[in-house]
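Shown next are two forms of a single protein chain, provided one at a time as structure tokens under the names structure 1 and structure 2.
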Structure 1
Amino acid sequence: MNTGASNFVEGVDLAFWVTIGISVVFLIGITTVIIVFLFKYNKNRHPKPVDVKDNYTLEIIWTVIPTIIFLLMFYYGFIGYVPMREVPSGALEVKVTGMMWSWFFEYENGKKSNVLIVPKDKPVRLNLYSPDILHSFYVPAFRVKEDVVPKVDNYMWFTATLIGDYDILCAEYCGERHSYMISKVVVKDERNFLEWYTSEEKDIHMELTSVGFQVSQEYGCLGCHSSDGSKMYGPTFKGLYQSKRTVFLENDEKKDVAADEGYLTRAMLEPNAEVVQGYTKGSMPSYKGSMTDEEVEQVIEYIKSLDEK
């Protein structure tokens, strides 16, 4: 019976308990011997030490036995690991983008999501992509992890075996908001998965809010701009629309502006033209050429929507 959430849980946990089991036996055994010696040969009970000659037979025995045990541990670790690098053919391929500080998933049919939705009992191959620095894709419940390295085609795979939601964490330190680079794997049965996968709705995962949110997520806006009023790298989106801002122009001149549509568009396409007081010039990249006009509008709609609720 496989009780783990993925096909790897059994092998990893077996290797784990074999190693830990042997280790605990050794730790308790040796510690007990030490404590017995400390009592028995304490200077008060045993004032006269006895000279003990070196014993090569004994030394060879305790060289050979640990060697065999260590090789056994290596073997279990190896056996549990080999399948992790052998992706079965016909696996569902998903492109995973890990960026400062969010995850994004694209399927073969063009479907996009910010949570990883996978069918139960079907192998999934993740092709890992990073546009910026190192990250590491980690699903503790699945016992899988692989670094996301810019310009390197890393991959990993798994078969989810239990329906449910599981945390995705970033395990390779990636700067200020490393510990907030979180998402979820949602495991659905095949029918529910296909229903979602083949639905016509463009890019949208039903559990999420608006298209604008999707776009913000896709371009990593939410890595630096919060939607709840808290201060992150950049100013928050909440209460931003139509607010009064003091900005510095490119010639370092101060100016008061209102955050209308025009301002917000400029902020995305030419972020250094007007830098809000209290934030560093150059920390935001320009999205000119990468975001379409439609997408810019969608983000603005999303920013507006935050103040409606």
Structure 2
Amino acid sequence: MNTGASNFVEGVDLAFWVTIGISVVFLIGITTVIIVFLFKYNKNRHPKPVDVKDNYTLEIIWTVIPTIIFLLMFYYGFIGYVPMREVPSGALEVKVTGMMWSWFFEYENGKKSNVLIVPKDKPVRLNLYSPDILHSFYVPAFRVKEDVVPKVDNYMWFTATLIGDYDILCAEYCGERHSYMISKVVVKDERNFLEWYTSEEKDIHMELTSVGFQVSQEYGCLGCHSSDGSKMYGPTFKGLYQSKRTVFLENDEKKDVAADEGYLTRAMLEPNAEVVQGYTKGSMPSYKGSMTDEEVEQVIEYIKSLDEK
């Protein structure tokens, strides 16, 4: 009977403890042999060293035994890994977007959230997507981890077996705010999950104040830009609209600009064309081709609304 938080805990833990056990046995054995040989074959006892050669028995032993041990560890790892790639039919599908530096989840019925809410005892398939760089979706309590690679379709699945909240981390270093790329898996019983899944109310986890906020969250803007004036990886959104700033152009010339609608649009679609002084070229991804014109306008409206509060 599986007593972990997901259906994969037992298999992964077994492979882990087999590997640890074998490693401990070898650590103790090799250390013991080193200490024994240190005294038994020291220079005082054997002033004239003698080579050991052509000992086929010894060569067979140190070849066959490590091979068997390696195959044993491979076997337990393999039987734990194979089920992770075999998704049961009827699994709940969720699109997971990992971007600098946040996670975003979208369900088949259009429901969106910045935490992953799943039902207990039902398989869930996560379709992994990244619009910028390499990330890695990791739920330690579930013993599942999978890379989120730009322009590569990847997936993972699990069945949550215990109700509760579990940490989501990024296990691939992805830049300055990598350690801030955290979220939660919230496991509910089937009734409570369906109530949330079918409700038309605003998701309490999203705390939406506008459509622009939701778009900013979805595209990871709030992972770099604060909305309260605090310093983060990029300029804060608060007070940004119509503010004066010095930018470097692509030819390294400087000019002063006002952060109006035109500038903010260029900053999202062609961020390297006008780099704000004090920030690094290439640190912000281009959203050209991924953000629609309407979404760009919605983000700008959200930025403008922050100065009204």
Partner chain sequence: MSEVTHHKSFLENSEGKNVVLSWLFSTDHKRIGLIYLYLIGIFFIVAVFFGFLMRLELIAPGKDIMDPQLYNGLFTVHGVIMIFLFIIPGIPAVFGNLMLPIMIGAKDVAFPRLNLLSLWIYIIGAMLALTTLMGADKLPDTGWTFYAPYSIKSNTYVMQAVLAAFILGFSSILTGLNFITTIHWLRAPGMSWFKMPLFSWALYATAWIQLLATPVVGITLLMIAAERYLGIGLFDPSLGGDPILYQHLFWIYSHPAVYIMVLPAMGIVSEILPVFARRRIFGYNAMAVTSLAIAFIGYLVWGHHMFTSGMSGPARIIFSFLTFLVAVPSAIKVFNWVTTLYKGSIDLKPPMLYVLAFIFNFMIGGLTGLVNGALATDVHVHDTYFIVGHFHYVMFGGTGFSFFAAMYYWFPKIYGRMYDIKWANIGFWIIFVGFNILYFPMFIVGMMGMPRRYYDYLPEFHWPNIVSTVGSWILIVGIVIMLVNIIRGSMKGPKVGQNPWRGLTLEWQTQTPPITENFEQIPSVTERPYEYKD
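Just so it is clear, the model here is predicted, and its values are computed rather than measured. Rigid core (definition): largest C-alpha set, two forms, superposition within 1.5 Å. Reference numbering: structure 1, starting with residue 1.
- The form predicted alone is represented by structure 2; structure 1 is the other form.
- Core-aligned CA deviation for Val296 between the two structures: 2 Å or greater.
- Comparing the forms between the two structures, the C-alpha position of Gly239 differs by 2 angstroms or more, with the core used for superposition.
- Once the cores line up, the CA of Ser216 ends up 2 angstroms or more apart between the two structures.
- Core-based superposition between the two structures puts the Cα shift at Pro49 at 6.6 Å.
- Once the two forms are overlaid on the core, Leu38 shows a Cα shift of 3.0 Å between the two structures.
- Relative to the superposed core, Leu269 moves its CA by 9.4 Å between the two structures.
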